[in-house]
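Presented below, as structure tokens, is a lone chain in the form predicted on its own.
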């Protein structure tokens, strides 16, 4: 059965984020008031990176169960980590844990013990900053992602397959991305094909918030349908995690989310990055 390989320090897996940084990502997040799309996505990725670090933290330190990369595409295409990680395509999770660009103080709502909520300051590490500009060279970004994963899989053929999390708000400006997405998901380890999540922040006024659909019939336009068609099916374990988050899924539920609230985007990232056999 695929997608059952044990994940360990000697047999890590890989997460690769492909992030749209085009000029339109400066627009307002579809469901978040005045927050820009780029800022909402950056917050979601930094929170997810912190969660991955915590997931790998043991008494002796952070174990390298995961290798992680963030590729941005807009005015240029390339690695999007900041600080000491700048320019690196994939890094072990322990290196991420040790190298935030900075740590900010953020207000978080917590239970006050009397049925209400109060603000509490928490430390929020930043590895990835929002940036916007240029077009949407999606095919080029996918091609770069394919090259990175081919190299990684050449050294980790027995791994739990890499997961690609692609977040975009616009139509590709360098051609139809369908073939490039198929080339990414055709890559495989001995445990199964690469998994592709497509999280779409559409500006189409007809777009309705949708998570993990099993059909494209209710999607608002061809671009959303292209992203849906190219997304992978949720694995059985991902379906279990989705159920924990309260999602009711059809048999053909795909790794696709459209115009979700930021909380749901974070949940989708959690579903996509919580592997089943961590040792």
Partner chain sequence: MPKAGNADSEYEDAYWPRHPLHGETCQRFAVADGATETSFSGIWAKQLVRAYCSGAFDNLADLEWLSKLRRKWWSFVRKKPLPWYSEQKLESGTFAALVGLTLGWKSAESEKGDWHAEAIGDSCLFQLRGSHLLTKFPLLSSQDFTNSPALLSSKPGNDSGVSAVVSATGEWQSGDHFYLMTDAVAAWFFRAHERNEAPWEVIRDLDNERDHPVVAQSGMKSFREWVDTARTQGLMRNDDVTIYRIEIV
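In this text, all values refer to a predicted model and were calculated from it rather than measured experimentally. Numbering follows the first chain given and starts at 1.
As for the form predicted together with its partner chain, it is not shown, yet the points below apply to it.
Although the partner is absent here, residue 127 lies within 4.5 Å of its partner chain in the predicted bound form, judged by heavy atoms. Under a 4.5 angstroms non-hydrogen atom cutoff, its partner chain in the predicted bound form lacks residue 251 among its neighbouring residues.
Its partner chain in the predicted bound form comes within 4.5 Å of no heavy atom belonging to residue 233. Of the heavy atoms in residue 123, some are within 4.5 Å of its partner chain in the predicted bound form. With its partner chain omitted here, the record of contacts in the predicted bound form names 54-62 of 208-216, 221-229, 36-44, 54-62, defined by a heavy atom within 4.5 Å. Between its partner chain and the residues 91, 187, 97, 101, the one pair within 4.5 Å by heavy atoms in the predicted bound form involves 97. Each of 6, 9 and 50 comes within 4.5 Å of its partner chain in the predicted bound form, counting any heavy atom.
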